[in-house]
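Next up: just one chain, as structure tokens, the form predicted on its own.
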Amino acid sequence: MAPQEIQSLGTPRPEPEGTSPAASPVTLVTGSVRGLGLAVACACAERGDRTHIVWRGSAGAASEAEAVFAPRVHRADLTRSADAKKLVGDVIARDGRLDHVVHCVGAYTSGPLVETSFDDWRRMFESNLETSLHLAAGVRDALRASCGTLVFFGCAGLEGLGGRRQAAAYAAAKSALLVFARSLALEEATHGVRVNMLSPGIVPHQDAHPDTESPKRLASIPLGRVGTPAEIAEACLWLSSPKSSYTLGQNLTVSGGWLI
């Protein structure tokens, strides 16, 4: 995705000269050099946030995003707790605080259980749950200091705890993440931190899995259409804004009614 295409998702506002560190919120969006994470980061920047983006292995996409988000581009492997701590330290060193965190990291795998290997299960839990544990520990003190927000990314259909024919390992990892997010929300509420989850439905984009193009899945969406990255980003903005100040431990599903 070229810089001009990134900007079309939401053009970051330039910081006025002499802006004080407390003038605008500082937001950290992980998994944010492509896909839905990039859409969220662009929307946060357009809102006026000093937005930090994070990448692990997508060097090409990171290079393109850097043209828009520099100097707030970081490389981190959030399966490592040390990387999560260093990431937060670098954000605070740059901008002095941290107000909002959106965790968009989470690998996906598809297929029936008989074709799902133990390595697939391990990868789903490592990418979707363990990275969340490390990031939550890393940002805890900073978000308590700012009475900030933390949004995790789930997936549609978690509330029903239903079985899955094609993505059981992924849904199981996201279900575990939902329990963790709600437990964290209970603990952090007394410190003024709001934790919630955002669960997208079928949202095609350049880096989406081919499952998003399944005619059978598309036909099962009550609203009759797929979602857009902009719609997911808008929902995320709401969860990290004062408009949702009384929303805690919720799983906001944005799926057009799919899997309700």
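The structure displayed is predicted, hence computed values, not measured ones. Just count from 1 along the sequence shown to find any residue number.
Beyond the structure shown, there is the form predicted together with a small molecule, which is absent from this document and is the topic of what follows.
Only one listed stretch (110-118, 94-102, 125-133, 183-191) carries heavy atoms within 4.5 Å of the small molecule in the predicted complex, and that stretch is 125-133. Of the listed positions (Asp77, Glu159, Asp141, Asp90), a single one reaches within 4.5 angstroms of the small molecule by any non-hydrogen atom in the predicted complex, namely Asp77. Put simply, of Val203, Val68, Ile221, Ala235 only one has a heavy atom within 4.5 Å of the small molecule in the predicted complex, and it is Val203. The small molecule in the predicted complex comes within 4.5 Å of no heavy atom belonging to Ser214. Though the partner is left out of this view, Gly57 does reach within 4.5 Å of the small molecule in the predicted complex, counting heavy atoms only.
In the predicted complex, the small molecule stays beyond 4.5 Å of every heavy atom belonging to Glu46.
Among residues of the shown chain, Ile53 is not one whose heavy atoms approach the small molecule to within 4.5 Å in the predicted complex.
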